[in-house]
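Shown here is one chain on its own, the form predicted on its own, set out as structure tokens.
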């Protein structure tokens, strides 16, 4: 694997020609996705700026153009009319000012007053590589470009570490105020959220306080990508705790969790109704972000990065890596979060796959359980051996997912076997397979499991015991055009 120097990782992209050869080389990779947003070149990580505005969904992702490495970050902009078909729009934000000289880092978007605004972390480093994070803003012009404000909204808060980032802007109708949630770390290395408020989006921001979450004062060493949304009268808090190991998550120290409860913006307190839950049980799911301006009080829309900050993946050898998940509709029922693929994914079905045990590279599987144990092996060899296995124990209501049988193994020390406990007996699984990812939705979205998967040429079969399967081939819905 290539060893990157700091100069290579933080090189400034001068023109599209700097990466044209890389694009031409990677576009023929067998692992390029067909219905998932992916990097035009290099690395994609956190989703950013996700919002609906004047009939169009806007999404950006963290982008390092040079290869599968975390270095100088840009925002790359894509758009969609239906959250299914995505178009490359080119660079959204460039690290070209004093305040973001070492990266335009993660943030959010919101549509208000006929304008679309973006909020991001400007990653500034001095000559000694000391970091200063700034909360910055930008606006979409009528020409479709994202134009930055010349000055940040505010700088780092004293009394906290340098880890202050990922501004998520929310509007609280009851108070008529906007709030910015900043993922942060205390000086004693505990994860938290800083809350700012203002009546205006581009001015008047003042510190409201540190978010209080009873019983979570010592939960993780940094909370990335905080997000609060009200769904059907319940408040949902989603965040990504880092620098900690959690039960059932192997050796990983990066996670995505959620709490359902009540948010009091006056006291800056989120009161949970129950313990935290994993947003997704998979090997590769992180930095989830909710869309602004969904327009339905009974649902939210979420998208996430398929990947983890410290993990490594096979396509790094090809100088690219990363993907976004399928957007998900979130609802709350009986105190539990339900996550289902965005409505309309079935329009990509291009016909039934042959019932001969072969597995198309891009497909949707619907598995119906028969009430007992179930064994599903994906990406097996022709003789049924190997692959990604999903074993369901009906007595325990437990799914065990094991990827050790794949030809291309990766992140072995982090863990290759994970459990997904179910609240109810297994009835149905809806599985979306693309060239380098697998997303599993169980029992109408009661549980989900997301992972990267890189089957070799001989791994294109499956076996199933304890249920029945329908498989549909899925058409491409994401353009892979070279737009910089």
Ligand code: FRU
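Numbering follows the first chain given and starts at 1. This structure is a prediction, so every number in the text was calculated from the model and none was measured.
Below, we refer to the form predicted together with beta-D-fructofuranose (FRU), which is not included among the displayed structures.
448, 62, 41, 453: which sits within 4.5 Å of beta-D-fructofuranose (FRU) in the model of the complex by any heavy atom?
-> Exactly one listed residue reaches within 4.5 Å, namely 62.
May I ask you to choose, among 168, 328, 105, 77, the residue with a heavy atom within 4.5 Å of beta-D-fructofuranose (FRU) in the model of the complex?
-> After the contact test, the surviving option is 105.
Among 404-412, 353-361, 78-86, 159-167, which stretch sits within 4.5 Å of beta-D-fructofuranose (FRU) in the model of the complex, heavy atoms only?
-> That would be stretch 159-167.
Quick one: in the model of the complex, does every one of 255, 284 and 439 get a heavy atom within 4.5 Å of beta-D-fructofuranose (FRU)?
-> Not a single listed residue reaches beta-D-fructofuranose (FRU) in the model of the complex, so no.
Heavy atoms within 4.5 Å of beta-D-fructofuranose (FRU) in the model of the complex: does residue 224 have any?
-> Judged by the heavy-atom cut-off of 4.5 Å, residue 224 is in contact with beta-D-fructofuranose (FRU) in the model of the complex.
Is residue 305 close enough to touch beta-D-fructofuranose (FRU) in the model of the complex, meaning at least one heavy atom pair within 4.5 Å?
-> Heavy-atom contact with beta-D-fructofuranose (FRU) at 4.5 Å: present for residue 305.
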